[in-house]
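One chain follows as structure tokens, the form predicted on its own.
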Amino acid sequence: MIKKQYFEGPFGEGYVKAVHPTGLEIYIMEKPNFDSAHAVFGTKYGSIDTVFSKDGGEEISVPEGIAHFLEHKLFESEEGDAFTRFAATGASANAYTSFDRTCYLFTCGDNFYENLKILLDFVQHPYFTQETVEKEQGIIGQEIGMYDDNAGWRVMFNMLKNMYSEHPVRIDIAGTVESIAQIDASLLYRCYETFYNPSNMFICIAGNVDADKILKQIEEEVIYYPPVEISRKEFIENESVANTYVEQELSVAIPAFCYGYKQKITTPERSLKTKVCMSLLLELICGEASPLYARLVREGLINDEFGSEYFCGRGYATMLFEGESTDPKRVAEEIDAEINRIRENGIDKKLFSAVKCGMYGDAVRRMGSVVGSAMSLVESAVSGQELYEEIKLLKSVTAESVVKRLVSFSRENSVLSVIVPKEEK
């Protein structure tokens, strides 16, 4: 029997969290005033899960890119393609693989429960043959080639490859042509049976739906498998980086850059308070409300492509600044100088208050759409944090606790990655 509880939110709405007997976690936010719904069926399995063991068995290493490969293959079955089934009901379906998760999703205005049935069906029924695997190797090989020519993708991974020497976060999510050539049907089934066990999965739904009806359908349609214990390898990284500057030529009109500071890791995961404080700090350093951002725009050093992110996961954490600039080195120098200025002079109290209000407003706006609400539930499912904890922390965090995080920014452990325009031969 499914166990459930209700969590009340600060905006007049809440959500149901339930646990299936298999260990599958279910999150449902009813939005009766909306005319659509968004559903996600996901697993805590991403591109960094390259070395693992199951139920205390032997540790195995799998080819880079296999989580992404598995995502592609799962849409196929003996009966046909899942996309075709969704199209027949009028739903818009998709999937993605990131560093720590793989998610299958759909959005629809009608036929929600029929679409949920399709989602539950194809994710739980893998169908791999060596013939179809070999066909997919060619398709994904072409996709990898497209990523190799994508400046935004390459500038990020060039930075990560020079920042991390051991952790698989340095490897492209899709892997390489050489690594995916090692994938076969039996290896796909082995990864599926490990990471697609319901105890490692979650379902997140938001929209004009009935939570009790959804739970009844899930109880009837989720296949029971005994829970598994998954052990993932922890990669030990040095504080230092391989190179502080890396450059590549591609066909771009304006140089692209990604400037990152490598954070020292003492525990596998970052706490929610750390994530909130670091996100606040990045906005204070160079967010749209900051003096530095205004000056860099005024001087023509950045444009509206500029942004920052606290990029972190199991075993890695990096403070990123990225965008386009005719002088990326100058932008990096200005960011370093602003960090040093805040170290010496502290945080402007009015700016701190404005940034906190802005982040609070962003959290409220996310709840204003079915997609934003469902994806916020996905973050809760993956992190294990209650949905509204971030908002509670935003109210209580102080300028002093944010300033302490400046110790994470060390120019010696930073990497500037730049994509420059290819010279005409």
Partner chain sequence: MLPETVNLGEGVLGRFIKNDRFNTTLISFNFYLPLREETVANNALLPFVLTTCSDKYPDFSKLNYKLTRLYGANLISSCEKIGDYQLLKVGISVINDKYTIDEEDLTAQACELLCDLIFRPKAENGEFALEDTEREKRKAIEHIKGEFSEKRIYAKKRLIEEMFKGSAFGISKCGTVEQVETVTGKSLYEAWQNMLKSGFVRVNVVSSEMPKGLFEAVSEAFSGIGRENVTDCKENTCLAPAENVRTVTENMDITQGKLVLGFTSKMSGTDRETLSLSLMCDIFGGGPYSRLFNNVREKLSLCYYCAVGLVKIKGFLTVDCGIDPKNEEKAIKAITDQLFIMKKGMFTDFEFESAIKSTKDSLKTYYDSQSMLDMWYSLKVFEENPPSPEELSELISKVTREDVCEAAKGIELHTVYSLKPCEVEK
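Please read all numbers here as calculations on a predicted model, not as lab measurements. Numbering follows the first chain given and starts at 1.
Here the subject shifts to the form predicted together with its partner chain, a form of this protein not shown in this document.
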Selected contact from Ile171, Ala354, Ile118, Met156, since only one has a non-hydrogen atom within 4.5 angstroms of its partner chain in the predicted complex: Ala354
Note: exactly one of Val222, Leu284, Ile302, Ile214 sits with a heavy atom within 4.5 Å of its partner chain in the predicted complex, namely Ile302
Does its partner chain come within 4.5 Å of a heavy atom in each of Cys108, Ser251 and Lys350 in the predicted complex? yes
Taking the partner as it appears in the predicted complex, which of 159-167, 331-339, 269-277, 138-146 has residues with heavy atoms within 4.5 Å of its partner chain? 138-146
How about Arg298 - does it come within 4.5 Å of its partner chain in the predicted complex, if we only consider non-hydrogen atoms? yes
Residue contact check: Ser36 to its partner chain in the predicted complex, 4.5 Å heavy atom: yes
Answer for Glu322 alone: is it within 4.5 Å of its partner chain in the predicted complex, judged on heavy atom distances? no
Using heavy atoms and a 4.5 Å limit, would one call Tyr293 a contact residue for its partner chain in the predicted complex? yes
Contacts with its partner chain in the predicted complex - residues in 270-292 whose heavy atoms fall within 4.5 Å: Glu288, Ala289
